[in-house]
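This document starts with one chain, in the form predicted on its own, laid out as structure tokens.
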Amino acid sequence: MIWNPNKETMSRDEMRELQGRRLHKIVDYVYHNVPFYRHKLQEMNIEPDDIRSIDDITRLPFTTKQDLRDNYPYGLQAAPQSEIVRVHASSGTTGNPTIVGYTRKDIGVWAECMARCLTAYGVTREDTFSVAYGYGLFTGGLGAHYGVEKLGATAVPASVGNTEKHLRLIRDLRITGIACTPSYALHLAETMGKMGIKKEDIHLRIGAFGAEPWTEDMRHEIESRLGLQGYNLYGLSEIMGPCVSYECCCKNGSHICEDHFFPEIIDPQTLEPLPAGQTGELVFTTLTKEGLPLLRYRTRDLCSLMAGECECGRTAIRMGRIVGRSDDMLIIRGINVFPSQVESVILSTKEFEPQYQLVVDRVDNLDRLTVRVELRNEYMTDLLPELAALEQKLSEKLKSVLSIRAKVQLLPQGSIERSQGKSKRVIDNRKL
């Protein structure tokens, strides 16, 4: 199923022509409405009429989260306050939050793009869909909610918290779809076990998972435990919220709503564009946004772009799975380490729960990595040699993937604090 065939199956030439027109319009819009961009463009001796096609995008300046913080709260807002109908803010924990204003048109585009995502997953008007992202300043809850209603399905605004009540509703209301973080999906599965609810007792068939990186192994774990098909949902508050890209039934990359959000992949060090297929930092330009339009916004997410028509019939360029973040990447003894690498190893090993933390310390000027991981109940033992063998087994697997040795600390099931939002996977105790 395709929600908007006119845009989702547009030819590449038609798409690039549309993107070029919209890029020129948005550059003209920010030039005359956002002093920050006008000054930047003037410093680069660029006027709006210099931007005539989508190929000209590389001439434009980058925007960073720090730019948003430096212009807190409304310095980058383009629309007058009288046109702003909603404000969201980022979930960041340091510095000023990033404030994102939406016009009525922005809200409409958001709902439209989210309906594309849900339709690609197989959601129809007959489904009852639980939205278990947080409602409020975080964009996840309301973003997914509006998409469900736009599609015509039944929305259940479960939000986060009160997991046992949520599970009873999933069972009793015969809820068929859920949107939440992957880690919360695992938390639901664990709580089901404690409540004696089997996956055969519920009717979930579709999961829209996002807001944090997750691996194929975690997808399989969630699908197995909840009895559903799990799909990737990507977005970020600065660009719009959930709906920027989405998987289809083929699960071969996430289709970007590139008529609204133009993607680039750059080298995070040189800032030069990278060819299709190479992994680098994902950059987005909003082509239609009125409240907070952004030019070449550096997401810090690391992935690659995939060209070519998908078997589902959609022609939009696809992004590969997020493999980490350029700012969250750990550098340990000169080696780049991403939590997703550790997760992949843990989930490929039957003895361990998909609950882990990376703890980095510096002892005698030497970085040390400890991987804390929960041991499944059926493998828990009082025999120290058996535990030592499991630690050694995981340590060797991690070394083969990370190229550095990590100390493994085995914990009883349930030891690591569960999160109903984004999980805290990394504890870096170094004073860098």
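Sequential numbering from 1, following the sequence displayed. Because the structure is predicted, anything quoted here is derived from the model rather than measured.
If you look for the form predicted together with a small molecule, you will not find it shown, but the lines that follow are about it.
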All of T119, E149 and G207 with a heavy atom within 4.5 Å of the small molecule in the model of the complex
no
So in the model of the complex, does any heavy atom of E190 sit within 4.5 Å of the small molecule?
no
Classify C113 as contacting or not contacting the small molecule in the model of the complex by the rule of any non-hydrogen atom within 4.5 angstroms, answering yes or no.
no
Is E258 close enough to touch the small molecule in the model of the complex, meaning at least one heavy atom pair within 4.5 Å?
no
So, I322 and the small molecule: in the model of the complex, are they within 4.5 Å at any heavy atom pair?
yes
Looking at 160-168, 346-354, 191-199, 234-242, which stretch has residues with any non-hydrogen atom within 4.5 Å of the small molecule in the model of the complex?
234-242
Within 4.5 Å, heavy atoms only, which of M329, V85, A307, C249 is in contact with the small molecule in the model of the complex?
M329
Can you pick out, from L295, A211, I99, C303, the residue that has a heavy atom within 4.5 Å of the small molecule in the model of the complex?
A211
